[in-house]
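There is one chain below, alone, in structure tokens, taken in the form predicted alone.
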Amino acid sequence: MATATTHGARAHARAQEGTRAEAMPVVPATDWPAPPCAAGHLVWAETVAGGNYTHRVLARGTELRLTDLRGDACAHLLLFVADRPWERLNVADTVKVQWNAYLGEGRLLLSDQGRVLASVIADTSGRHDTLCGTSTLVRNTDRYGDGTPQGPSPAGRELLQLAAAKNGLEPRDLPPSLSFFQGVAVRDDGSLDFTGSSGPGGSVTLRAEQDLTVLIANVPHPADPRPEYVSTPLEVLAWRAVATAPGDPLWEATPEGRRAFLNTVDFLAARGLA
């Protein structure tokens, strides 16, 4: 179809309606084949290409599942409370309050206010990282020759800045991120060992415990030793559900977690949100 004229370009563009690429958001999300737990309740369905990013505001109680489709995705994640972004993911508090640097099912993602932003309710990967953060422009330029967001090897922080800007946030608002699907272990001497991926199909499911702004960059882990920029598609699905409540095993698992949930509900109740 000729596109040399405005009419031709318009006809060509309109002919693409309904075309589905490998990596793209699906609108409405309910058109995506939903897992049984999400049937009829999907609110976000997207496949994020390697070297790309996504973002979304999710309601409290929403469950978010990330899946490493081919074994080389790495989801660098930031969370902000939707209507007060100064309350955000604090990776250091997430680690120290729970006495554990390793993410997995049953862990909580905490803010610096001692409140729960999200809980990890399922994990089939086990290869995650709270210690290294994401890649930077300087590091990617030195390693791959380019780290700009439009280049062949985008840096995670550059992409997170773009996602942040689309939600009214500035670069100074971005704290250290955590990452899913590419792991790091701490050796006895304190040095880090890159453990990489568990393979294709690993997934992790989070539950939003407050209304959240979610930012995700799918880029190689900064400790990945491979000289090539390797990043494969990430599937993102979210569906309506309910927040964790007293009596749930996740709520009752540890004294630290119980207090974080109490802090969260106490704050939300005072605002008429819980």
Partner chain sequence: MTNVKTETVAARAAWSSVVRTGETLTITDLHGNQAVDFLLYDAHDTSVRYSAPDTIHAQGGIFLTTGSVLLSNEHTPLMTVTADDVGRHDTVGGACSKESNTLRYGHHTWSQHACVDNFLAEGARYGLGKRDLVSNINWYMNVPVERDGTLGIVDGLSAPGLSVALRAERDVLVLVSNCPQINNPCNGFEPTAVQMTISRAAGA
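Residue numbers count along the first chain shown, from 1. The shown structure was predicted, so the numbers you read here are calculated from the model rather than taken from an experiment.
We do not show the form predicted together with its partner chain, though everything after this point is about it.
A.B. asks: May I ask you to check whether L131 falls inside a 4.5 Å heavy atom distance of its partner chain in the predicted complex?
C.D. replies: Because a heavy atom of L131 falls inside 4.5 Å of its partner chain in the predicted complex, the answer is yes.
A.B. asks: Taking its partner chain as it sits in the predicted complex, is E256 near enough to touch it, meaning that at least one heavy atom pair lies within 4.5 angstroms?
C.D. replies: Residue-level check for E256: yes, a contact with its partner chain.
A.B. asks: Taking any heavy atom pair closer than or equal to 4.5 Å as contact, tell me whether P152 reaches its partner chain in the predicted complex.
C.D. replies: Flag for P152 set to no.
A.B. asks: Heavy atoms within 4.5 Å of its partner chain in the predicted complex: does V95 have any?
C.D. replies: Yes.
A.B. asks: Looking at A223, A49, L42, V236, which is the one with a non-hydrogen atom within 4.5 Å of its partner chain in the predicted complex?
C.D. replies: Going through each option in turn, the one that passes is A223.
A.B. asks: Consider the chain as shown here, without its partner, and state which of P175, G196, G71, G106 has a heavy atom within 4.5 Å of its partner chain in the predicted complex.
C.D. replies: The residue from P175, G196, G71, G106 that makes the contact is P175.
A.B. asks: Does its partner chain come within 4.5 Å of a heavy atom in each of S119, D146 and Y229 in the predicted complex?
C.D. replies: No: none of S119, D146 and Y229 comes within 4.5 Å of its partner chain in the predicted complex.
A.B. asks: Pick from 200-208, 187-195, 120-128, 71-79: which stretch has a heavy atom within 4.5 Å of its partner chain in the predicted complex?
C.D. replies: Within 4.5 Å of the partner lies stretch 187-195.
A.B. asks: Taking its partner chain in the predicted complex, which residues of 226-251 have any heavy atom within 4.5 Å of it?
C.D. replies: Not one residue comes within 4.5 Å of the partner.
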